[in-house]
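Consider the single chain below, provided in structure tokens and representing the form predicted on its own.
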Amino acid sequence: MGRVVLGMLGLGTVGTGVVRLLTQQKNLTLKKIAVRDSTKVRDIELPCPITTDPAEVLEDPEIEIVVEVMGGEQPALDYIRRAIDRRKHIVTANKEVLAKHGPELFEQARKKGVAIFFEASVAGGVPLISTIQKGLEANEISSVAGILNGTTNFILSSMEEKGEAFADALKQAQTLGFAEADPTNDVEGFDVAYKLCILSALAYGRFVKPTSVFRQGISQITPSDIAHAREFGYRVKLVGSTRATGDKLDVRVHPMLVPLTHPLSNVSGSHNGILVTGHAVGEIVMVGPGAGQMPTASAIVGDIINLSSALQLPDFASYFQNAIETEWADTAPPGDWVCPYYLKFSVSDSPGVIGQIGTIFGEHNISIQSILQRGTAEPGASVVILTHAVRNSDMDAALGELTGKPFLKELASCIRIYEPPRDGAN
């Protein structure tokens, strides 16, 4: 393999890890890095000059591959567009840019005859993208589901292991560097939503708009939810999934009770765990570090090495260009979803309450699997119910009717329960 010249945009935590790994690659030459602040003290000996002018990277005719590790939507999007327009190949970890602008960027890359590599955009050091792209090409993918955010998994694991409240577990995650000062992107599910948009494009050939992804975060999960889940044989996880339902895609991220016997239940700390189901291979499970400097850098440099090796071949870019359509995918309405539920009510401690709940549920085709009632420190009682599989629209209707009853003080929790993938489930 001949010498391949690279340029890089960004030199933060991940970018520094990329530089460290690139110094071990003799055939890769990092020519220049564009940064926002050239006066910043950096804890690495740089192998090349830095500049505050991105044009020195984007316009350099010798640079064949542009590595984008800036993060954020802008100005990264504009820089990627400019690089592609100048027929430079792209390696990026930027899930937000790909999720919001994927159809446009992949179409532009096809027209210019270049490739976009993005292994690090989903699941960090876990080789999920390449597995779906190439390893499972013989399969029709029926679903991709799993734990796709290490920050939220760390928080939920800490809440269970230490009995901590959400706020305390979040503070620990921030102290250890797993969570940002503003954790909204992670804890409210935006990060996973972006990743699901990318996975949908790989598995089904169309991107889903991030705003079309059903999204619920974990900020309302309580220690009692986690304790009750364990009592019933489950563990609370933030699960993202995409699956085909006819000509539409069912794409969502929300907390779920996962059975203790299921592989996802045992994915702890900041790790990711993903299940891919194909018609030929069945279900495969991948677990590993989903974030962090070196796991992410490993995925980026792996992409660079693969891309660099292929540069020697004629018309190689077409081989790496994904068959992704320019139109956005339609998404299935949440009312059609079917799954069991975990519900926690705060009610008046009076005769007949459970009977009234049961009657309303029966009128809406909801079958109760388990029920638990306990007194509380305040006047009243706590009722915890696990249902059998129920249509989402029926559950919404039943909860709407319950809300108007005088005995109901609060619907404290409503969390779906994970079941193995099947048509219309979960």
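As the structure is a prediction and not an experimental result, all values here were calculated from the model. All residue numbers are counted from 1 along the displayed sequence.
Absent from the display: the form predicted in complex with another copy of the chain. The rest refers to it.
Across the options 127-135, 251-259, 334-342, 84-92, residues that bring heavy atoms within 4.5 Å of another copy of the chain in the predicted complex belong to 127-135.
Residue contact with another copy of the chain in the predicted complex: residue 295 places a heavy atom within 4.5 Å of it.
Taking non-hydrogen atoms only, residue 108 never approaches another copy of the chain to within 4.5 angstroms in the predicted complex.
Among residues of the shown chain, residue 306 is one whose heavy atoms approach another copy of the chain to within 4.5 Å in the predicted complex. When contacts are judged by a 4.5 Å heavy atom cut-off, residue 139 counts as touching another copy of the chain in the predicted complex. Three-residue candidate spot 24, 280 and 288; every residue lies within 4.5 angstroms of another copy of the chain in the predicted complex by at least one non-hydrogen atom.
This chain is displayed alone, yet in the predicted complex one of 301, 187, 238, 114 has a heavy atom within 4.5 Å of another copy of the chain; that residue is 301. Only one of 227, 176, 284, 165 lies close to another copy of the chain in the predicted complex, with a heavy atom inside 4.5 Å, and it is 284.
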